[in-house]
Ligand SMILES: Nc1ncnc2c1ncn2[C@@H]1O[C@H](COP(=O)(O)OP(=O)(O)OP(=O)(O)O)[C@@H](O)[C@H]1O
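Take a look at this one chain, the form predicted alone, written out in structure tokens.
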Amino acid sequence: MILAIDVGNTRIKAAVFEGDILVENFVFVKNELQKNIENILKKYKKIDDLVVSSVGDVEKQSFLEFENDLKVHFISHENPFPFVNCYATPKTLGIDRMVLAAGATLQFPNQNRLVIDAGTCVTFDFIDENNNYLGGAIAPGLRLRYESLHNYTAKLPLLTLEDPKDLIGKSTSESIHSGVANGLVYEIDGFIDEYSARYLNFIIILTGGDTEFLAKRLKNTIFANSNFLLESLNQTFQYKIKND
């Protein structure tokens, strides 16, 4: 069994895999990392490997403390990936984006893929049908949009995500919800339309913490899977084992 852990900007996501089967997944905050890993290992005593992908600020030593119990693996730029990295600055490409690209390449062969990860940031990653990673885009996510409106204005309140009542906001709060939620939906649909105009044989994969909220609002047909990053992390590790 494998314990896959993704350290994001805001939260830590983890999942236990047996082969390609996701047995159970977890979400927790960074200061609860050690306690949660210990609890998972107590529950699943057959876990042999801990696989980590991180864009957050958790020290490697936090995971290496478990080296006596299992093998610890960190996914890095030096690992083999199932695509050609055509990014102009390949070393600056986030490991989370590389893992997502690997999962898309392995799960959806021989087609163009656009992976949209809607979390703290919204990232767009495009891998063509010949398995070339071409790049994408990075934009602020829903929470960052709410926070920026509050932090960089004098009087706008800090709100949390709500379904807009109408396109036309009839109060300041309603206007913020419409601008933030509808704005991101239109933005994502716009990106998809532009990619679709350039490429045929095309699949769109939506993942991340805001998957459920966004999926039912997008006009384009998408494959929505909030666990796609963890599944991709498991597949990236399996690919690494076969190709090292």
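In this text, residue numbers run from 1 along the sequence as written. Computed from a predicted structure; not experimentally measured.
Another form, the form predicted in complex with this ligand, is not on view; read the next lines as being about it.
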Task: Residue stretch of 68-76, 164-172, 148-156, 110-118 approaching this ligand in the predicted complex, non-hydrogen atom distance within 4.5 Å - done: 110-118
- [ ] Consider the chain as shown here, without its partner, and state which of 215, 40, 203, 55 has a heavy atom within 4.5 Å of this ligand in the predicted complex.
- [x] 55
Task: Non-hydrogen atom contact residue 209 with this ligand in the predicted complex at 4.5 angstroms - done: yes
Open item on the list: Within 4.5 Å, heavy atoms only: does residue 142 come near this ligand in the predicted complex?
Closed with: yes
Open item on the list: Using a 4.5 angstroms cut-off on non-hydrogen atoms, would residue 9 count as touching this ligand in the predicted complex?
Closed with: yes
Task: Any residue of 91-107 that, in the predicted complex, places a heavy atom within 4.5 Å of this ligand - done: 96
